[in-house]
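Only one chain comes next, encoded as structure tokens, the form predicted on its own.
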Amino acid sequence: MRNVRFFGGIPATKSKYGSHYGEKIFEIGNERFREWVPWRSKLSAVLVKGYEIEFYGNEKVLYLGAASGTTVSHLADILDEGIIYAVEYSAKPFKKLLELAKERENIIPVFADASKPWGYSGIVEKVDLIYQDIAQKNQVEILTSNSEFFLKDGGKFLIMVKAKSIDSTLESSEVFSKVLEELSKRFIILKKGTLEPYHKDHMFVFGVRE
């Protein structure tokens, strides 16, 4: 992945910035790298498990469930010529996200409910990718509604599915099967896989809008 290098099996992103969440900083010659902890970031876990998600660096991304900006900060390193619209609804993590956005020109923080995309339709433009990491029962519905508002034709999505947030009474594998079936009705699925052992009962799905 662009601007990513592995150190001892753990990825790190090339960055001119310092630590955001206590991650280690590596100085290699004139370059600085920020450790990308797979137990803290699901996208890092995807990479550690051997999956490749390609970025060009100038994409426009809508990030749903930005929280305090752990993964957003690494995506901002990778998309150093792009823009990330980072949506978060909880006030406490949003304060930390705001601090991150103040030092990064390519992060636009949006304090809003991701299940109501019309609420930020005046801020967010058409995007190349929707990244979603939300612990709600209607995760697929949220992705679908946001894609209808903001995803370009042929745009891609990357969703981190949290099985127990959808149905805690079923085995995770059953929930994943239902999610894949629902996503297949609207999207083409390119890659998928669980995030064990870094994130229990989680699966990622990477796909493209038909």
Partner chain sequence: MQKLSYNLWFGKFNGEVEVSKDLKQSFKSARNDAPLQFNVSEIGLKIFGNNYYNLLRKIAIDVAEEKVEKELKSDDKYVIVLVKALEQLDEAINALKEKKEDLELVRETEIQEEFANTLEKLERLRLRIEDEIASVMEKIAPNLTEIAGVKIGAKLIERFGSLENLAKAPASKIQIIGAERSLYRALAKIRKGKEAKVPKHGIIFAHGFIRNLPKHKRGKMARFLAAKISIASKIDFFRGELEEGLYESLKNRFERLRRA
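Positions refer to the first chain, counted from 1. Owing to the predicted nature of the structure, the values given are computational and were not obtained by experimental measurement.
One more form of this protein exists, namely the form predicted together with its partner chain; it is left out here, but the text below deals with it.
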query	finding
Non-hydrogen atom within 4.5 Å of its partner chain in the predicted bound form for each of R5, I28 and P38	no
Stretch from 47 to 55, 28 to 36, 162 to 170, 179 to 187 whose residues place a heavy atom within 4.5 Å of its partner chain in the predicted bound form	162 to 170
4.5 Å heavy atom contact, I107 to its partner chain in the predicted bound form	yes
Partner proximity in the predicted bound form: Y85 to its partner chain, non-hydrogen atom cutoff 4.5 Å	yes
Touches its partner chain in the predicted bound form: L75 (any heavy atom, 4.5 Å)	no
Its partner chain contact at K200 in the predicted bound form, heavy atom, 4.5 Å	yes
Residues of stretch 140 to 161 in contact with its partner chain in the predicted bound form (4.5 Å, non-hydrogen atom)	E148, F149
